[in-house]
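Single chain ahead, by itself, as structure tokens, in the form predicted on its own.
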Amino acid sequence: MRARTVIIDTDPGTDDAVALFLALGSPELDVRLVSVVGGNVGLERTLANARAIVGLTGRQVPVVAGAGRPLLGSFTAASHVHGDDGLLGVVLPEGPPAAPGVAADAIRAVLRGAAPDSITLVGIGPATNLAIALLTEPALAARVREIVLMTGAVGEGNATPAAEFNAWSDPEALSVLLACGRPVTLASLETTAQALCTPARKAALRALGGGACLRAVCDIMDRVPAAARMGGLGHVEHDACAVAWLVAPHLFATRDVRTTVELAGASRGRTNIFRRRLPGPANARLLETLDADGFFALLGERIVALNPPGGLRP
């Protein structure tokens, strides 16, 4: 099967780090660009983390800096979740320099050189970079095959009672993507909550005995505290769910939905995800259920492959 060409827009971030390792270890994906946005922590740190992650994999993928704040309003980090450095103190070797330019230009350049319906955009942070790219050259949306986003919630949010963090960080940008006319797939909080990283699952990953990438993933996972909203049973690997959809769609059940996003007031960032009686045509596919055991098996298999015990890769 031919690899799917993707651009990954990210804000590492502990769970973004796991998602990037999964993407770069999966032969099903041809990662052409990693664009970086301020989100979990500020742009200076998210860029350094993305460079370090790509460098550790040994893959030659350009990493380019993008927006450090949302389209409207002010930037607010989630340092209380990811630490001031984004990786909760896990230190990775410094990666290669960032590619010159800015993310929106780099995204547009990849799209301009692509055939229609050929590029998948994977957004696992605030959607600012992706929205700027499509707002400034709307015709390029025709080159997009699918937009896959870790964003939103059917019920209660995690940034506010109303909103999930990525949607809340830049709801205007998310609204642009939902309205651009291309297929959108959403990994919401209800889906990602099923990717529960328990102590037993962490131990199983570490027991695989892989190289530097797996050790980095396990070290990061060990630093993430158990989530109170998950009953203290473990933490959630949110962003890797979006990547796993592209790599192993059989792990998910889906539903077509109608989705809008609130732009003002106390409910700013709320995603209204209508799953049954749709007020208008469906504009997104919602990932509803996840085979969690299969998901964590996939993580281990693909991250070990980046630098296996025999040292066959950097």
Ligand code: RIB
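Numbers for residues come from their place in the sequence shown, where the first is 1. A quick note: this is a predicted structure, and the numbers were derived from the prediction, not measured.
The protein also exists as the form predicted together with the named molecule; that form is not presented, and the subsequent description refers to it.
Think of it this way: in the predicted bound form, the named molecule has a heavy atom of just one of L121, A103, A173, I124 within 4.5 Å, and the residue is I124. Although the partner is absent from this view, L178 stays clear of the named molecule in the predicted bound form, with no non-hydrogen atom inside 4.5 angstroms. Contact annotation: N158 falls within 4.5 Å of the named molecule in the predicted bound form, judged by heavy atom distances. Although the partner is absent here, N40 lies within 4.5 Å of the named molecule in the predicted bound form, judged by heavy atoms.
Residue contact check for M150: one or more of its heavy atoms lie within 4.5 Å of the named molecule in the predicted bound form.
Exactly one of the stretches 299 to 307, 286 to 294, 7 to 15, 21 to 29 approaches the named molecule in the predicted bound form with heavy atoms within 4.5 Å, and it is 7 to 15.
In the predicted bound form, the named molecule lies beyond 4.5 angstroms of every heavy atom of every residue of 264 to 278.
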